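Before any questions on binding or motion, here is one chain by itself as structure tokens, the form predicted on its own.
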């Protein structure tokens, strides 16, 4: 695949833009990082004239595809009325009411701009509500890049023990004192979580209900309900980080998909179809600290008219198409089955985990990972070779084995993806 123009732009970008990209994760997607001109439905078009079938969905947000007519119209109307107001408008009410009507157990919401922001707000709410400081997160789960929570996302697995991993910062420049109240446990170990909660000093437990950021590792049977029940028993706030899974696993997100209702859920990515919007939803009493003035939630762009219009339009598309989730889930399941069948036919060891609309391929292991350490053992080196081969054939994937499925991935796209898998799967080591 010709990438000459992208290489030129990357060299130019690196002169004035630190690292040449706007997010550190993007530098690893391809060599050189591809520069794009536009996107349409499930396709990206780069500066070298390549048309790429896209299964990255911009790392998740593009659930209804690009250049969607309903989103275009909603945003066009909104932008002609205002850019942002820093004040109230009916769009806030409309979107809040829509989310409350769609998501089980959500009585009220608040708006913000990014996933990292709503993580911080949810922790603040939990601490104000409980009067406690400690927060529990799980090894390999990602909750944004702030100092107090970017711990043990990609940890040193030789440190400590699997059952008692030490809390470790995730990058340079993190003062240790900023995460002294953050504790880390292995995923899917309800016994260890219950023991930690029994200490009586934990304000919140935050988790990805499906650990999409580290291999789409699934919760063990009963783990999510057990965790939420244990939190309730010990006066701890349970938080589902649904920045990825919200409005993706199902219209009601992980709450609907797993039939488990935590105290709070956090949404971003898919909620606004590619526009910057984040939401906290939960039981009415969870927001009492805001009404009582014991804590605060602010932000100049909270409730931005354009982004909320995009959010409402996205949820209208998803909720008014009765078979959209069946189609997306079926598409994803067909791709997983293609991987598994083609690998079996060639004697290649792999497995897949996740859900229909977000899943991971795990070369080198037939046993599904049940925690981060299992995912860390996956052969992503051979997956990189596979991914380059399918990129050359016109299919764009993320570097960590993750696939995102959207509403505009149809039968034609499925055929392209399956053909790409068949032609490139030998790059995965037998």
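Numbering follows the first chain given and starts at 1. The structure presented is a predicted model; accordingly, all values stated were derived computationally and were not measured.
Just so it is clear, the following notes concern the form predicted together with a small molecule, a form of the same protein that is not shown.
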(request) State yes only if every one of 52, 387 and 396 has a non-hydrogen atom within 4.5 Å of the small molecule in the model of the complex; otherwise state no. (result) no
(request) Consider the chain as shown here, without its partner, and state which of 125, 227, 119, 350 has a heavy atom within 4.5 Å of the small molecule in the model of the complex. (result) 119
(request) Taking 4.5 Å between heavy atoms as the contact cutoff, choose which of 179, 142, 111, 339 touches the small molecule in the model of the complex. (result) 142
(request) Please determine, with the chain shown alone, which of 155-163, 100-108, 187-195, 205-213 has non-hydrogen atoms within 4.5 Å of the small molecule in the model of the complex. (result) 205-213
(request) Using the partner position in the model of the complex, report whether residue 269 sits within 4.5 Å of the small molecule, counting heavy atoms only. (result) yes
(message) When the contact criterion is heavy atoms within 4.5 Å, does residue 239 count as touching the small molecule in the model of the complex?
(response) no
(message) Residue-level contact is defined here as any heavy atom of the residue lying within 4.5 Å of the small molecule in the model of the complex; does residue 115 satisfy this criterion?
(response) yes
